[in-house]
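The form predicted alone is given below as one chain in structure tokens.
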């Protein structure tokens, strides 16, 4: 009996040990799996890190790419498209104006009545779906349908169809267009569900204008714009300090007000206002300073437009949810923390950004909304609380990166136009001698307006980049319906405007008079009559014509004082070099900005530009400001292949040697 009891006791003990070993083994394996998942999260956090230093590098890169995009077509990932909008609404507009907004399967017609003195804008709006057959048929049928809808809309508003005075219409057309004037543009291609072949390569506003005439509408298409430009117009109508507009929604873009003289790639451009709205198409911005992850690389490779719209893929609502999906998928593949891998996790864009935002902002103790979305959207049931918390953290990391990068992009625009308090100094260092002006930025888009955490992270980054002293001068204003109301306001501000002129292009060369000043001379289109240039000769010709243009612009405008730099001191620090020159160089990837302060000398500028070319530094923008006997040269250059200088100090030393050589050649003491 005793042996039986002993045997039973031993058996129970062995079984208990086995169970304990099994439990311990499971716990060890569980810890290892959890450790792998935490490792994935840590890797994500490190890859998405956006320190203030990195954000300021993005700011500098954005400003440099803007300079390059204004200097030449194809000179930058930023297209920097001319809109020919040279007159933003002031609030004094009066009258009745209309707008059409065509950008998808629905289009809208709007009517606004303005009473001056920045009166409230309360538009009448009607939305109309476009029949599917019209989206793939003939252009005439589409525009006749739109004109008929507008005709009925006008009649409902008790406006006479046969106007004694032509009514002005703003047309928002959200498809790729080559703008040729403020009210005309050629369709490059259709997107979305449109495929009307006979319209490609044709003038868009003209097609609409003809349809309006066929329907008996006495209306003129006053402006052809995109939604970002409309947002700037609406922002400026309510706040005259508005200088830029950003849309952060499903997609993203930005535009801003630029001085006409800074648009170097369009030499013959004249506006009575001295400025123009530039459509940046900033979704295509790229820089090595952007914190890119393996998930971004995979998303880009699998997208319909790989190696394109890199900035948009990191910050816009179209992509944030899918980045989170990819992270959850990897965690699921490396552990069973979410149970068996759901097939839904392999479906691109199965998790949309609104659902991601809802999980991120779930503040319930048990994260019930997170559990619901994981089950309903991704087919992942019964997720434990600690795994739900992990999902919230993933959403936070991805959203924080996006918002902070968007903030850096905004500051990049402010830096380009001298509104960031740095005086053009790279790295975001503020200068106490610069008087800051109040600056407003109009922002539209659901990602900013409806996603609280995104908005808070964006504002946080603005404070960090600009600093408290500067950021208090920068205002973010939310607008609503820039694509519709903004277009109507632009129709009002351009109702009698014919101010934008594009003079026929000519090639310029340089000659010197007896005093050694550069003069502009018109030249023929070839240096050898009747003989076409080779491709290499043409590139060299264009490069030299561009440099000559810069010099001519300086000669013509040196005393105009429209540059963004602060007033110069009347003397420079003689201790800086033997030639009494202050040289400051800042670098951002393959571009550099030079500021050279020294005494004015005749014929030195052209020799300096030539010296820079020999150093493999191609000039893309050049400004001169003078005060008394001093001159400040502000030069943006592209660092070409073969350049032996790798640091800002090396460039500064080489430039100083060029200036010393010029000085010795001229015999100046």
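Residue numbers count along the first chain shown, from 1. Predicted model, so just to flag it, every value in this text is computed and none were measured. Throughout, rigid core stands for the largest set of C-alpha atoms superposing within 1.5 Å between the two forms.
Keep in mind that the form predicted in complex with adenosine-5'-diphosphate is not shown, yet the notes after this line are about it.
- Contact check at 4.5 Å (heavy atoms) against adenosine-5'-diphosphate in the model of the complex: none of 116, 119 and 240 pass.
- In the model of the complex, no heavy atom of residue 146 sits within 4.5 Å of adenosine-5'-diphosphate.
- adenosine-5'-diphosphate is not shown here, but in the model of the complex it comes within 4.5 Å of a heavy atom of residue 250.
- Residue contact check for residue 353: one or more of its heavy atoms lie within 4.5 Å of adenosine-5'-diphosphate in the model of the complex.
- In the model of the complex, no heavy atom of residue 348 sits within 4.5 Å of adenosine-5'-diphosphate.
- This chain is displayed alone, yet in the model of the complex one of 90, 218, 191, 446 has a heavy atom within 4.5 Å of adenosine-5'-diphosphate; that residue is 446.
- Only one of the listed residues (421, 283, 317, 409) places a non-hydrogen atom within 4.5 angstroms of adenosine-5'-diphosphate in the model of the complex, and that residue is 317.
- Contact with adenosine-5'-diphosphate in the model of the complex, judged as any non-hydrogen atom within 4.5 angstroms, is confined among 385-393, 438-446, 332-340, 461-469 to 438-446.
- Scanning 387-422 for heavy atoms within 4.5 Å of adenosine-5'-diphosphate in the model of the complex gives no residues at all.
- With the core held fixed, residue 118 shows a CA shift below 2 Å between this form and the one not shown.
- Here residue 192 counts as shifted, since its C-alpha moves by at least 2 Å between this form and the one not shown after the core is aligned.
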